[in-house]
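In structure tokens, one chain follows: the form predicted alone.
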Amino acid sequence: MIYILDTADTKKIARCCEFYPIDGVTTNPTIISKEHEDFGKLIKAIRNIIGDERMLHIQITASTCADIIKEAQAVQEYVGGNLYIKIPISAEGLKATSALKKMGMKVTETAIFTQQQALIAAKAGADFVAPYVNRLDNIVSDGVNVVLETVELLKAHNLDTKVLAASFRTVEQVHKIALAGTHAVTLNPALLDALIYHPLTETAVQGFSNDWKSIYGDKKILDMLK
């Protein structure tokens, strides 16, 4: 499983990269705008935190093929590293995807809501397709099943494109799409924290601590090995 952060908050990115096995960061215009910062400085700051090896997915705002390519080239030159250009699914976006792939750039096709959107994006050369799980659930369309069938379609047609599942509200959604065989997830920091939380874990750890202190008091293992 590839774990990617879905935020542009540099403090949260730094904290999550310190503690979790994070593979990269995804952004979109909404996420970027929440930070109220200069776009260029912000994506540079994110790249500096995560380094050149981790993935950085940056969404363009242009809507025509020619302009998408120009923005993609400019972002690539500006931020560098392991970069994926995020392009919302559309006819112009698919045309741009094919062109960017021929230029050696990597693409994530986003705003995916159907299996067929994902399949044609993969055929156009997208490295990742990003279905929105919770948004599908909100319109009674079963986001988990869309992810499952997308994974099966890509496998059936021998396409190398990976599924980057996005838009989650609960740990249960993340769990179900992991069982469905998705290749990657992008999560906000709070949900990432929730993945490792369980009250029984807290109780168990407290029990260990209490039992140790009942015999050894405040002594630590290092104190007792001197």
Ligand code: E4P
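Numbering starts at 1 and follows the sequence shown. As the structure is a prediction and not an experimental result, all values here were calculated from the model.
The same protein also has a form predicted together with this ligand, omitted here; what follows describes it.
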{"item": "106, 135, 123, 95 - the one with a heavy atom within 4.5 Å of this ligand in the model of the complex", "value": "135"}
{"item": "Contact label in the model of the complex: residue 28 to this ligand, heavy atom within 4.5 Å", "value": "yes"}
{"item": "Heavy atom of residue 70 within 4.5 Å of this ligand in the model of the complex", "value": "no"}
{"item": "Non-hydrogen atom contact residue 169 with this ligand in the model of the complex at 4.5 angstroms", "value": "yes"}
{"item": "Non-hydrogen atom within 4.5 Å of this ligand in the model of the complex for each of 54, 82 and 127", "value": "no"}
{"item": "In the model of the complex, segment of 141-149, 96-104, 71-79, 127-135 with a heavy atom within 4.5 Å of this ligand", "value": "127-135"}
{"item": "Those residues of 62-90 which, in the model of the complex, come within 4.5 Å of this ligand by heavy atom", "value": "86"}
